[in-house]
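Next comes just one chain, in structure tokens: the form predicted on its own.
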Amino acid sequence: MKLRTLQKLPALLAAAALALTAAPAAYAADISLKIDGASVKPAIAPIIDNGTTLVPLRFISENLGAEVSWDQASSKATIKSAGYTVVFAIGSKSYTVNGQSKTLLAAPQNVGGSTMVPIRAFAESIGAEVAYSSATHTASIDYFTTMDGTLKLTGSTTLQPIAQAAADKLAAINSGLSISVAGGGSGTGINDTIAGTNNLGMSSRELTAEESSQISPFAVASDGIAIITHPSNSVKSLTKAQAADIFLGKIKNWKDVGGANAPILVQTRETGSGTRSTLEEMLLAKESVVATATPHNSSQLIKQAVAKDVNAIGFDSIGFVDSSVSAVSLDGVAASAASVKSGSYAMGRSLFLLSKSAPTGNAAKFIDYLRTAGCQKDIVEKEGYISID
């Protein structure tokens, strides 16, 4: 009789969708997990409670681009993706999705300090697809491989390399998906999002109160603005006051800051650039860059201009700094990922994707994709930017 039961087990598993005939809260080390076709292995193995498979919430969330916060007083975990907010409570079968109450087959548990939640309930709550293979004992979540149609992004040239890299990877795993990524500056991205002429905007500056009332920002990376000079320029460090006076046109010769007796040729980004507006706010006390500065319409162009002239000075995202230019220290602090993360560098900032309304479909998934632990490491950091925590 026991043998017949075991022979029927695969069929029962398929019908129950992730259910296993095991004792409550038993470990299910033989269950494999896949997310978008890739095998993943959490530090804490899945468990089975009353036929329901539970998995580590934070591990799954990080792989799906969702943020997790924990309230110790109420023993509640809040998960936020671009389009969904899901709240689970330890020991309770009640949970909410965007404020709507739902019921679980098994309550979340705390195992070894990890919150374990039903895999199907969580994944389907944020729009993912879940399947279970009884033949291989594999639970699969498909989220980023279920995209098709089109997506249009416009805006910040600082954020553009990150967005383009993500678009290329998503297009490679979704044959029916087409994503266009265009620059134009943060102002363009903000205005296009407000007007509804794109699906997502890109901005390298904070939104104003008026803009925030019309569109929503989603931080996808951090960055720092570096003051850049020609590699042959002997000036390698400036105080914030000196740097400000240079870009305001008050200091006009390199000899006044310890360099050669030569005119300082100020390069700037165009009006509407998020990098420029952030520099003006953080370094120039909201004053404008000197009117005689030469404007450039992208991060790449201003870097190229500084790289061509030993007397030039400009500013750019640290993600664009390479051997063709030199990043000047400010008040003795180098422009680096470490100094931005620690808060010691004077001009750190966040980079945002923008949505006119609550993002859904491809827009929501694109935001979530960029916020996954994998993309933060393999795209954001590799492009020279700083991952979000």
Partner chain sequence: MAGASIVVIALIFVFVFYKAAPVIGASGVGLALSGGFDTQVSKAFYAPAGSPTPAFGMLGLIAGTALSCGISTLCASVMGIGAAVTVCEFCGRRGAAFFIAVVRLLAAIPSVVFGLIGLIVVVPLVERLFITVDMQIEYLDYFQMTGRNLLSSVVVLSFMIAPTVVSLSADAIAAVPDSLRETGYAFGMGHFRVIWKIVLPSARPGVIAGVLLGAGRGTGEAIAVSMVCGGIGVIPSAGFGLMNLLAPTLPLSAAIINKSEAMGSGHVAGALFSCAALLLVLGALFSLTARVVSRGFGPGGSGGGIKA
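A quick note: this is a predicted structure, and the numbers were derived from the prediction, not measured. Residue numbers count along the first chain shown, from 1.
This protein has a second form, the form predicted together with its partner chain, left out of what is shown; the following refers to that one.
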Sole residue of E124, D256, D245, D309 within 4.5 Å of its partner chain in the predicted bound form, by heavy atom: D309
Listed residue that, although its partner chain is not shown, lies within 4.5 Å of it in the predicted bound form (heavy atoms), from P217, G187, P118, G224: G187
4.5 Å heavy atom contact, G272 to its partner chain in the predicted bound form: yes
Non-hydrogen atom contact K252 with its partner chain in the predicted bound form at 4.5 angstroms: yes
Residue contact check: V181 to its partner chain in the predicted bound form, 4.5 Å heavy atom: no
Heavy atom of E129 within 4.5 Å of its partner chain in the predicted bound form: no
Location of its partner chain contact in the predicted bound form, chosen stretch of 94-102, 68-76, 109-117, 264-272 [non-hydrogen atom, 4.5 Å]: 264-272
Triple contact flag S277, A293 and H296 to its partner chain in the predicted bound form, non-hydrogen atom at 4.5 angstroms: yes
